[in-house]
Ligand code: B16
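One chain comes next, on its own, written as structure tokens: the form predicted on its own.
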């Protein structure tokens, strides 16, 4: 039985992927590398540091370790500037109704995200008070596909992993949820490892998640 639901943030509750893309594209341009949308798909669900390492690898660039923190800060500053105007208008379709449905069943909810900006984004969306726990990139050592973020969320919600449902849009997140022993709803297409795939949270109902 599903007793708790853990949400990924980006691509599930809101979509800030375009802002990540623009920010990483500006970083890649410093090395004369044109970051494509196809490249950006490989960065979804990946930590900031690991994303930079991938970009440097694609650009065939090796940097002194002491230069890395400044680049990570530049990326984050650019991203924060872009998302500063986020609001309820940016909540993805079906999210508010699904949160209300879970609340009507007294089902606890958490956010499990690789983003270190998750609390800030949830505040901007007006959703922070609706989650009992937020596990983000500041509180985990191992990023997805490692299950740490979801296991920590289950621990904070005081629910066994096998009684948790994860809602994810990235293959690395789905792998993490499966490694944690949890059921997964994939938001998007070609997420073959998910228990079920939906195009959005519109119409997702209680019986459907209980029958997973």
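Positions refer to the first chain, counted from 1. Here the structure is a predicted model, which means the values were calculated and not measured.
Another form exists, predicted together with the ligand; not displayed. Remarks below refer to it.
Asker: Only one of 157, 43, 27, 165 has a non-hydrogen atom within 4.5 angstroms of the ligand in the predicted bound form; which is it?
Answerer: Among 157, 43, 27, 165, a heavy atom within 4.5 Å of the ligand in the predicted bound form occurs only for 43.
Asker: Exactly one stretch in 74-82, 100-108, 124-132, 87-95 has heavy atoms within 4.5 Å of the ligand in the predicted bound form; which is it?
Answerer: Among the listed stretches, the partner-contacting one is 74-82.
Asker: I'd like to check something about residue 178: if you look in the predicted bound form, is any of its heavy atoms closer than or equal to 4.5 Å to a heavy atom of the ligand?
Answerer: Output for residue 178 is no: heavy atoms all beyond 4.5 Å of the ligand.
Asker: Could you confirm whether residue 53 comes within 4.5 Å of the ligand in the predicted bound form, counting heavy atoms only?
Answerer: Answer no; every heavy atom of residue 53 is more than 4.5 Å from the ligand in the predicted bound form.
Asker: Is there a heavy atom of residue 204 lying 4.5 Å or less from a heavy atom of the ligand in the predicted bound form?
Answerer: Flag for residue 204 set to no.
Asker: Can you check whether residue 9 is within 4.5 Å of the ligand in the predicted bound form, heavy atom basis?
Answerer: Because a heavy atom of residue 9 falls inside 4.5 Å of the ligand in the predicted bound form, the answer is yes.
Asker: From first to last in sequence, which residues of 99-134 have any non-hydrogen atom within 4.5 angstroms of the ligand in the predicted bound form?
Answerer: Heavy-atom contacts to the ligand in the predicted bound form: 113, 114, 115, 116, 117.
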